[in-house]
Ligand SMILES: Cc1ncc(COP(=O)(O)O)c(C=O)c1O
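In C-alpha cells, one chain follows: the form predicted alone.
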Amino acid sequence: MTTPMNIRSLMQPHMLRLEPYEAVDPPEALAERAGIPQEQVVKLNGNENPYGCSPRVMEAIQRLDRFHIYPDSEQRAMRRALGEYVGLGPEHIVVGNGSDEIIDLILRLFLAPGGAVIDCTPTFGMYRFSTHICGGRTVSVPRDDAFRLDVDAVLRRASESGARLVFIANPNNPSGNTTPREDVVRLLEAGLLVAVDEAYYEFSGSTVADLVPRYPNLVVLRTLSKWAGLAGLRVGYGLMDPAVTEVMLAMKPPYNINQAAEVALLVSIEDRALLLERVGRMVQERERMHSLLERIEGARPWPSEGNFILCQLPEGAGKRVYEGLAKRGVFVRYFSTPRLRDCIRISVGLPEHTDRLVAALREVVR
C-alpha cells in the first residue's frame, strides 16, 4: 500500500503562508446572514456604485453577437477610447481584468524574488496581498495620525530595504484623503517606481496622470468599477510609459478582457455624461452622510474624497458596531488591524441607504 502524497509539499512555501484577501460577500449571503429578504439588505461595504452601470451597457451586451470570438488581445478599441478619455495616447495604456490585474502585472514585471515593496499603511490590502503572491515582501511605512503619507520615512525605508516600488492610493482607501502632488514628485525624483492608484479619481478630481509622459517610473491605476458601475465585469487600466506598455501587453494573459467587459467599457466612455452626473450625486450624498454622522455622539467621520467615509468610533466599539449594524441588515466594512479596529468604512449609497444607516448606527452606538 503506497503512502498518500502530501501534495502541500509540492507547493511554493510562500503560498502556504499567504494571508487571504478579505473580500466582501454578495447580497444573497448578506441577506441569509441577517435573516432578511435580499431586497432589504443595505450593502455599504464594497464601495460599489448604487446606481449601477449605464443603461446603454445592458442594451449593448444584449445585442452582442461575438461571444464565440476571442477578444482583441491588443485591446485596440479600448485603448483608443480610454486615451481620448484621459488625454493620453493609446501607447500609454494597458487594460486589465480590474485594476487588481494591473497591480499583479506591475509586480511580476518589476519585483525580484524576495524583493521589497513599500506599503503605506493603512491602505488598500491588494498591494500587500499581490506582493506576497509574487514572492515579495512588504515594508510597512505607517501614515501619520491624519493618514498623510510620510515621504521622508518612505525614502528612508526604501533605502534601508532596497525597495524600488511604492504603491500610493490616491485618495487613500480606507481613509479617503488625497496625497499632495509634490509628495508624489519627490518620490519620482528619488528614482522609485511609483504606482499611484486613482481608483476614486472621478470622485476626487485629484490626479497625476498628466505626469506619465514626463516620468517613466510612474504608473497610474484607474478602474471603471466605481464611477461607471462595472465592478462585476472587472475592468481597470494602467497609464504608463510606452516601454512599460509594450512589455506588459506581451506578458499579460492574451485575452484578459472578455467581450462583454470590452463593450461595457466602450459604451461607458461614450455615456460618461450620465455616469459623471451620477458621480456628482454621490459626492453630494457623501457630504450629507458626513454631516449626519457628525451628529451621532461617539462617531467621528473623517473627511473623504472617495465614495466612502471612514468613521472613527469609541475605543473598543468597532467590531460591536459592525456586528450590530449587520443584525439590522446594514453592512459596512470592518478592519481588524490595530490602527483601524475602532473604525468602520461606509460606502456612499442612495439617500435612503444613508437614512437606514444613520438610524441603525444611532441605535447601535447608543
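All of these numbers come straight from a predicted model, not from anything done at the bench. Don't overthink the numbering: it's just position in the shown sequence, from 1.
The following text describes the form predicted together with this ligand, which does not appear among the structures shown.
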query: Which of these stretches, 258-266, 134-142, 95-103, 151-159, has heavy atoms within 4.5 Å of this ligand in the model of the complex?
result: 95-103
- prompt: Pick from Ser130, Thr179, Ser225, Ser175: which has a non-hydrogen atom within 4.5 Å of this ligand in the model of the complex?
  reply: Ser225
task: Heavy atom within 4.5 Å of this ligand in the model of the complex: which of Arg272, Arg186, Arg278, Arg234 fits that? Just give me the one.
output: Arg234
query: Is there a heavy atom of Tyr200 no more than 4.5 Å from a heavy atom of this ligand in the model of the complex?
result: yes
query: With the partner left out of view, is Ala169 within 4.5 angstroms of this ligand in the model of the complex by any non-hydrogen atom?
result: yes
